[in-house]
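The chain that follows stands alone, in the form predicted on its own, written as structure tokens.
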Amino acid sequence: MCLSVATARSTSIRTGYLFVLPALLLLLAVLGFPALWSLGLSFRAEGRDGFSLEQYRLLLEDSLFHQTFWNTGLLVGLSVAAHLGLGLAVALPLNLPLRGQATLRLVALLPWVVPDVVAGIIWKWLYNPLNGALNDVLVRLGLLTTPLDWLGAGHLPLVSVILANVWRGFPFVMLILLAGLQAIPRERYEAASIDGANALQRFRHITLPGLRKMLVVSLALDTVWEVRRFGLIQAMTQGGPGNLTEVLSTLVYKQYFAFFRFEYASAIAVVMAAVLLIVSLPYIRMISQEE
């Protein structure tokens, strides 16, 4: 009897692997092979075969890469922080039994539905110094005396891209945190209210501890997503003016498809992958502990 149960279980496991095999092979073909090919290219010198660390040496010496890495850090850090703050601020009222709750949630999710490129084009139009809606509204309200060239020069281009990115990406974090809020038992809030806890105390001692895992998940996933952000920036500025809004994703694109420096672009991509792996470690560790 035990032997037959073990045989059936082994057959079931093999059948499960067979069902997963086509998807696994497709994943390896689409992602695994290009990743390994890029890794190999990154350890080659341009025009020569054989193992070489030349591309990584060039990265360390390249001032453009240093500026791009700094721009990426600013974009990711400020965007993720704003996504967490704004996402939580919107998720809290959406978790309450409000009238028209479904409609409000749908409206809050709309920016996330807009494709990256479309969002970039919309914000590029809003920022237009001649006929953009943003300058017109700010001048009418008396907040500006003359229109600003938001995507022109100085620190404004990167700040403008970050603002557009915050609008585009906060619903993703909001949705994760809203799911976490709905998982917190209402009885805890009722018991705390009976004990005399005010709203701030309930938020500090019930909401935040209850959202701990969801905060880690949203922080890790949003950071990974923002490091890879490409379409929005490419549509708005293409990394310009100059290199003021250049980030790692747009730099890799230009090195690959504009300058045809495949080895150098591969080295940048490998650095990006290493950064994403480091960022993902807390999330991976948390998932592993749960399993």
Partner chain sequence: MPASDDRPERAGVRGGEGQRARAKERRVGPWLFRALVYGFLLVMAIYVLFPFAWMLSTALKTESEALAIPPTWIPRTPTLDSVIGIWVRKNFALYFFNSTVVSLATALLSVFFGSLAGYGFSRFRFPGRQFLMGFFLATQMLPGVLLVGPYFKMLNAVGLYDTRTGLVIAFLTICLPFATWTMKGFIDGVPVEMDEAALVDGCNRLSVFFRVILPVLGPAMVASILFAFLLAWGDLLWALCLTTSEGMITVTLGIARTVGEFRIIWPMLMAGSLLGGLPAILLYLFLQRFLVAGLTAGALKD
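Note that the coordinates shown come from a computational prediction; the quantities given were computed from them, not determined experimentally. Positions refer to the first chain, counted from 1. We call the rigid core the largest set of C-alpha positions that still match within 1.5 Å between the two forms.
What follows is about the form predicted together with the partner chain, which we do not show.
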item: Heavy atom of each of Leu96, Leu109 and Gln182 within 4.5 Å of the partner chain in the model of the complex; value: yes
item: The partner chain contact at Leu143 in the model of the complex, heavy atom, 4.5 Å; value: no
item: Arg202 within 4.5 Å of the partner chain in the model of the complex, heavy atoms; value: yes
item: Heavy atom of Thr72 within 4.5 Å of the partner chain in the model of the complex; value: no
item: is_contact(Gly40, the partner chain) in the model of the complex, heavy atom dist at most 4.5 Å; value: no
item: Contact residue in the model of the complex, chosen from Leu158, Leu78, Leu84, Met214 - any heavy atom within 4.5 Å of the partner chain; value: Met214
item: Interface residues of 110-124 toward the partner chain, as seen in the model of the complex [heavy atoms, 4.5 Å]; value: Leu110, Pro111, Trp112, Val113, Val114, Pro115, Val117, Val118, Ile121, Ile122, Trp123
item: Is_shifted Lys213 between the shown form and the other one (CA, 2 Å cut-off, rigid core); value: no
item: Large Cα shift (2 Å or above) at Leu138 between the shown form and the other one, core-fitted; value: yes
item: Yes/no, Leu92 Cα shift of 2 Å or more between the shown form and the other one with rigid core fixed; value: no
item: Residue pair Leu221, Leu24 - Cα distance in the model of the complex, closer or farther (3 Å or more); value: closer
item: Direction of the Cα shift between Ala29 and Ala258 in the model of the complex, where the change is 3 Å or more; value: farther
